[in-house]
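First structure 1, then structure 2: two forms of the same chain, each alone, as C-alpha cells.
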Structure 1
C-alpha cells in the first residue's frame, strides 16, 4: 500500500470506475493533452513520506530555531508578541469554521457569516466607523487599498503619507498605486518628538491633486500623534480623505478614529488573538465612514443581516457583491476575494473574550509595561530611552549613549544572546542609523525584562 493511500480513496477502485465508463486506462482521460505538452519523466520533488517521518523531519528542522517565549521577543513594527487566550484557538480550531469555504450558499453557512458579521460590528465599535469589510490580507495591503479607494472617490492622484508610518505599509502603498498613476508625497516627522510634521502637510496640500492623507496612530515609532484632528481638518478643507492606520489594542485607551474625522480606518488585526507566524497569516482591518456610495467603493467582502424570504427568521448573507470581481470583472473595486476570514473570527472571539473591561485593562497594561521597560533601559545608564519626546504606546525608540554597539550591530549582538529586540531603525530611515526600537506588550513578564536589560548591559 502506498504511503499516501489515505488521501486517495479510489486507488483500488479506479479500474472499476473506468470500466463502468467504458474506458480502458486513466491515460485515456488525458489524450486531449498534446503530446509535446506532456511532462516526460518524473518530477524531481521530495517525498513520499509517512506521517511519523514527516513530523520528525519538521521537528528536527525547527529544533534549533529560537522563538518567543523561550527567546524573549521585543520586536514589533507591524507584528507583535501578544498572549492568545486559550479559547481563541479552541474556537478557530472548530473544523466547521476552518475547513469551510466562502459562504456562497448562505443557508448552510450561517456560522461563518454571523461570526464575520460580529467581527465587522466589533471593528466598527472599536473605531467608531459605519462599515467594515470581512478582512484584508494584512495592514499594508489594507492601507494600499484604502489609498486606491480614496483615489477612486476623489479622482485625484497624490497621497500624502507620513514618513512615521510603517516601512512595509509605505512600500506596499507605493506598489499598489503606481499603476493607477498615484504618487506618494512623504510627510517628514519631527526629529525630536517623533510626530508627523503638520506644517509640512499644509504645504503638501497646497497642491490640489491630493486624494488622501495617511497617518498612523500610534505611528511606527509607537509615538501618539497629538495633532490628528488638525490633519483631519486639513484633509477635509482640501477635499482629501483622511485615512488612519491603527494598532487595535491601542483603541482601549486612545480615541476612536471615527471621532476625530477618519474617513477610512485600516490596521493590523494580528494583536487580536492571532499568532505571529513569522508575519502571516495576519489580518488586515478595513473600515469606513460614510454613506452607501462610499461603502460601495470599499474593497473586499461585506456581510449583512437580512431575513428569510417569508420575512420571519433572520440570517446573514454576503452583500453588495456587485462591487466584486466575480460580477464586475475589470470594473471591480478590487481583485481581492480570498481574504483572512478565519483570522477575523479569531479577532472577533478575542475582542468578545476581553469585552469592554478586558480591552481597557489590556491597553493600560501595555502602556504601563512599555513605560516600565523604557525606564529600566534608561536606568542602565547606557541608553537614552525613550528617544523621542512625545508620548508613546507599546513601541518606543531608544539610542546608545557614548561608545558601544548600536543600530544593526546592537540587534545582532542581542540576537546572539537569545533576545530578539532593538529593531534597527536604520533599516528604514537613513537618519536613524544609531537608533533602535523596542516593543512591549502584555505578553512580557519580569523574566523577559530582566533578560533584556541584562543583555543590554552586557553588549
Structure 2
C-alpha cells in the first residue's frame, strides 16, 4: 500500500514546491494569519471514511453552527429570511436557466427571454407600473440608477432623499450622482412617528433645480409612510420625478406605487424566493411609467414580445439595452453590463407560485407575525416596542427601558445566546444610538419567538 494518495503531493513534491516558492516550510505560507487564529496541534479528523460517513460527519458539525436557520435571524434591514418553496430552486436549477448567460441570440434563447419577459410583466403588475427592466444588481444600485435617470430626464441636479431610507441606498445614490454633478439633499424623519417630514420636502423643493424625491414605502424602520400621495403631488407641482423604493412583499397589502403617481419604482427582490446566502446575490427591481422618454432612459435591458412575420407565432427579443457596450459611451444610460437573470427568474417563479391570493396572504401573515412579536417584546416590561408610533410592516424599532444593554451591546449579547436580532440603529443614525430594530417575516415560528423573548429577558 502506498503511503500517499496519488491525488495529494508527497514529501518529494512538497519540497520541490516550497523550494520553487523560495520558502522553507508550509508555515511560511500562512504568516499573514495571526498565530492565535491557527490550529494548535493536529487536525482531529479520523479516517479513512467513505463518502456517506464524511457527509454525515460534516452535517453533524454544521448543525452546531450558530447561523440561520440553526439560530433564528431577526435582523432584516435589507436582507430578510423568507420561506422559499422547493419548486423555485428546482426551476432555476434547470440547465437552460442555470447555465445561460446572455440572451443575445433570440433564435436560440426563447425560453430565457420568455422567462425574463414574464418577470417584467409580474413586476409591472405588482407595482401597477408600465415598464420594467430585466433586473439590476440590488436595491441600492437600482435606486442610484433611478435618480440618475431622473437627472437625465429633468436636466436638473439636486435629488431629495428621505433620511428614513436604507443607509446603503443613500450612500450608493451619493456615489453615483456626485461625479455627474448631482447633489443629495436629505429629508429628516419625525422622531416620534418615524415618517419622512413632508413640510421639509416642501422647503427643499422651493429650489428650482430638484430632479426627484426618493422615499421608501415602508421605510428603513419598517414604518409605513402615510403621506406618499402628498409627496407624489408635491413632486409633480415642482416639476420633479417621484421615485419610490419598495420591499415587494408589502405590496400584497400596501397600495401599488403606480396608483399614487410614482414615476419610478425600485426595490429589493431578495424576498421573492432568493435565499440570504451570506448577503447575496440579490435582485434590483426597476420599473417606470410608460412614457417613451422614460423607457428610452431606463438602464439595463428590456425584453419585448413580438409576433412572427406571418403573424402566426410569438417571439421574444431584447428590445432595449442602452449600455455602453452597444451604443456610444456618452449615450449610455448605465455602465452596469449585466443583470441578475437567474435571480429574476427565481422571483418570477416565486410570484407565479404564490399567485395573487397567496401574495396577499403572505403580506397579512408578515403583518400579524411582526405585530405579535412587537407585543411580546413590550410585554416583557423591559422595552418600548414599537419605538415609533406609526404603523409598521415586518421591521420595527424598539428601545430599552432603564438600565441594561442596548444598541450594539444588546446586539452582541443576543448573538452570544444564539439569536441574531436587534440591529443597532446607531450604526446608521447618531440620534438612535440606543435604539435597535427587529425584523419578522412569515418564516419565523413560535420556537424562534420564544428564543428571542427569552434572550431579551436574560440580557
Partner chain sequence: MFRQAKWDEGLLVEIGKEGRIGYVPPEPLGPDVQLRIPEHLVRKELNLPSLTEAQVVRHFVRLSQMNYAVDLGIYPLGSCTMKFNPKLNDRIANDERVTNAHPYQHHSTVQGLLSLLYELQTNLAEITGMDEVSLLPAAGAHGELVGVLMIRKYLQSRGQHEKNEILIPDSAHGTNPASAAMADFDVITVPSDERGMVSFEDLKKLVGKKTAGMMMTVPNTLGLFEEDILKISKLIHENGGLMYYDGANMNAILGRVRPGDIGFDIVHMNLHKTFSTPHGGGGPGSGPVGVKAFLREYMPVPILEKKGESYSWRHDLPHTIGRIKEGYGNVGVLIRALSYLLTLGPEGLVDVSSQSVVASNYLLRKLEKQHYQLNHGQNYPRKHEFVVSAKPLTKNGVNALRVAKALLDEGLHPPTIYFPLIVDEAMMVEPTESEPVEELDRYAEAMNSIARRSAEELASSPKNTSVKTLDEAKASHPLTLRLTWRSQKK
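These numbers come from a predicted model, not from an experiment. Each form is matched to the other, and the largest set of C-alpha atoms that superpose within 1.5 Å is called the rigid core. Numbering follows the first chain given and starts at 1.
Enquirer: These are two forms of one chain. I'd like to know which is the form predicted together with its partner chain.
Expert: Answer is structure 1, the other one does not fit.
Enquirer: Could you check, with the core superposed, whether the Cα atom of residue 192 shifts 2 Å or more between structures 1 and 2?
Expert: No, residue 192 moves less than 2 Å.
Enquirer: When the two forms are laid on each other by their rigid core, does residue 375 show a Cα shift of 2 Å or more between structures 1 and 2?
Expert: Residue 375: C-alpha displaced by less than 2 Å between structures 1 and 2.
Enquirer: Does residue 70 shift between structures 1 and 2 by 2 angstroms or more at the C-alpha, the core having been superposed?
Expert: The answer is no; the displacement is under 2 Å.
Enquirer: For residue 28, what C-alpha shift in Å is seen between structures 1 and 2 once the core is overlaid?
Expert: Its C-alpha moves by 35.4 Å once the cores are overlaid.
Enquirer: Could you check how much the CA of residue 311 shifts between structures 1 and 2 after a rigid core fit, in angstrom?
Expert: That residue's C-alpha sits 3.1 Å away in the other form.
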